[in-house]
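The chain below stands alone, shown as structure tokens; this is the form predicted alone.
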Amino acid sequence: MSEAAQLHMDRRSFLRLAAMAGGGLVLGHYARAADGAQIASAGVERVDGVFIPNAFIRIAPDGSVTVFSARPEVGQGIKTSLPMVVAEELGADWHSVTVVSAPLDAAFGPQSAGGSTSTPTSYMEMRRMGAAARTMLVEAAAQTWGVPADECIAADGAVRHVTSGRTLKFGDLVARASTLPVPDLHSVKLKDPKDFTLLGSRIGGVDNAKIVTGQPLFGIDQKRPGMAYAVYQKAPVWGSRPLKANLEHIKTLPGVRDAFIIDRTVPEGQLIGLVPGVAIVADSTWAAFSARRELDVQWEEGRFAKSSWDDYARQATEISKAAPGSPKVEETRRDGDVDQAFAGAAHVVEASYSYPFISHANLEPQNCLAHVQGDKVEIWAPTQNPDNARGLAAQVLGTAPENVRVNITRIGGGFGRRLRSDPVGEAVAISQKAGIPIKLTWDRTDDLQHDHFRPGGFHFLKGAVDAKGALSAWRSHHVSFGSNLGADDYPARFVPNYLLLNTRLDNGVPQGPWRAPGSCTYAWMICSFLDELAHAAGRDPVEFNLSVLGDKDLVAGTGKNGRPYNAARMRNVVRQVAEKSGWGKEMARGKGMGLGYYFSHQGYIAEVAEVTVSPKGVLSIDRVVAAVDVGSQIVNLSGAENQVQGSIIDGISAAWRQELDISQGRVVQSNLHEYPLLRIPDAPRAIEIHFLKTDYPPTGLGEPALPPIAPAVCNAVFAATGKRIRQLPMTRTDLSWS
């Protein structure tokens, strides 16, 4: 059965195909909170005489195993790693396992992918799924032989009676196993991790062959009979609407079927779900793109039409001079006596750090295929959050969510951008008006200028060290734009005298989560300023940072969640990365090493960058060493390494080259020639990764390795040149030296 076929079927057809003609065992669950008894009673559905509690695992009479992957595959490898967890506990032969993407269905529980949450929220659940199926197969074999079940083991796709050596393949046990009750998922016996044979090994992505042969896995590949192609022109200034356009002329252009204005707004929380614009419907994407070049729209520009980055920077500088308690200055947190600590300090350092708005720059541009029929709609979308897509589609269509069917496609890069579904809203609105299936595709300009950007920000910092060289006071005034405001209180865990001030600037810029939200910028600012303080104290940066982390295992949490911070885990990765990188070795002028570390998305990661800067200021990143603690189990070693490498390269690209300039209420950059991404010649010459296994639940790896790399590189540049980088991107700073 092709991937495309599986994207278009109702639930009963899905279950029927999943069960296979001739019989099979399918094990699954309906809700995360349901126990085994609830699943067995609520989830039973008979199809062709096959017992089906639901559908996560399919075992056919020929012994083949199919595992359904319910989470969106964004490139983070979850479509491979979570089925590996199931197969490990099941005792399946991985070479006999087929992984299939599941449609959006409550039967699979939560189906979003973001915040590096897929592994921590699904790891134990998938283990229990595999273990429950294994329990049933073992019991079926034991009944067949008339022996106790505890004398049998499952491995390599078969059950073996240890005493007699008799063996039955999984396929031979399907009929009997299908008659057995589903065991309670929370009481099934799980494998001892020391007995794992699949987890921790290197497994290639299950879609690799399809990707390299160009098979239609991604949203942009999807097609439906009778569909047309569309583009949607939005106002360059956020918050504006179209007044009129040369629609009659556009309709005369080759391949154009229709053109019309959509003048309504559907808000989606704090972000934009559907904004007014002009739709062009055509026979091909190229015809639609070509026609848009001749589109002439008169826009009613909103109140942000004169806003600019330069103006934001000016406002931030003025506000930074205001005293706490001033109208625009919010005192978010105060610990100890900051003023007294500064007055008695041996050294005081002041600095301002800033970073721009940047785009997600997904390789696959935003797209959606929608087919509206009356009050129902079916969509095919590369979405990280299919429930959100369904909700927005229902809002746009004015129907109930149950009238929206979402088919989850593979995603060509998300990084948080595809947690929001504005292209879905646009495609549904256009299909509703056109009355046919519509495939909407954005171009690079759309992606750059109508992203939900990583927020820019300004940090005005003051820090102190005492006569013993210890960090004694920290003052931060954060001026930003709302969506990431007030979360940079990490130092409050470690410094007795701390003051955090916040100011929110009024703006109309759409913002949203960008890979390692908050952490991706705070780590750079905090670790860079800690490096400044270490040098002010005359101390080695590694030794200084270890002293800041203290000697306690757990440190009180901060912020809304207040979860304890495991300082011991962080000290361990800092020590490990210092050892593995050869920290402290003599280096010639123009060469340097820098440290960055951070706790992000439940992962504790430290990185050291080794750089060379020529006298003319040409930067080369020679080596990056990472020490990574994401818990007790690396699921797929190949995938884990890829995620750390990708995070490091992405983080370098963002810190070194990427920025969006805002002028007259709009993004200036129009394509990648004005928004350069990291190229192969500028990538690190070597990336070394060292995983630390610790006694904590496994977590995800899509984000935690990104935050430490920007400060590691910037601190290495300082070590090489004496030049401090306090403004991103790094290209803003002249790195030449003599």
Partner chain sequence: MSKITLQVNGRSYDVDAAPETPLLWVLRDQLDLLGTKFGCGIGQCGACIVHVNGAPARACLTTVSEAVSAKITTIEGLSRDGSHPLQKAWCELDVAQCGYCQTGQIMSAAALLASNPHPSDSDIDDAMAGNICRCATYYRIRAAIHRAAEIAAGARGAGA
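Residue numbers count along the first chain shown, from 1. Only a predicted model underlies this, so the values are computations on that prediction, with no experimental measurement involved.
Heads up, the form predicted in complex with the partner chain isn't pictured, but that's what we're talking about next.
Annotated contacts: Ala323, Ala343 and Pro491 are all free of the partner chain in the predicted bound form [non-hydrogen atom within 4.5 angstroms]. Taking a 4.5 Å heavy atom cutoff to the partner chain in the predicted bound form, the contact residue among Asp650, Glu89, Asp629, Asp531 is Asp650. This chain is displayed alone, yet in the predicted bound form one of Val548, Ile203, Ile634, Val349 has a heavy atom within 4.5 Å of the partner chain; that residue is Ile203. Contact with the partner chain in the predicted bound form, defined as any heavy atom within 4.5 Å, is confined among 174 to 182, 442 to 450, 232 to 240, 122 to 130 to 442 to 450. At the 4.5 Å threshold, heavy atoms of Gly226 stay clear of the partner chain in the predicted bound form, well away from it. Looking at Arg390, you'd find every heavy atom of it more than 4.5 angstroms from the partner chain in the predicted bound form. Proximity of Gly639 to the partner chain in the predicted bound form falls within the 4.5 Å heavy atom cutoff.
Among residues of the shown chain, Arg685 is one whose heavy atoms approach the partner chain to within 4.5 Å in the predicted bound form. Contact residues in stretch 74 to 107 (any heavy atom within 4.5 Å of the partner chain, taken in the predicted bound form) are Val74, Gly75.
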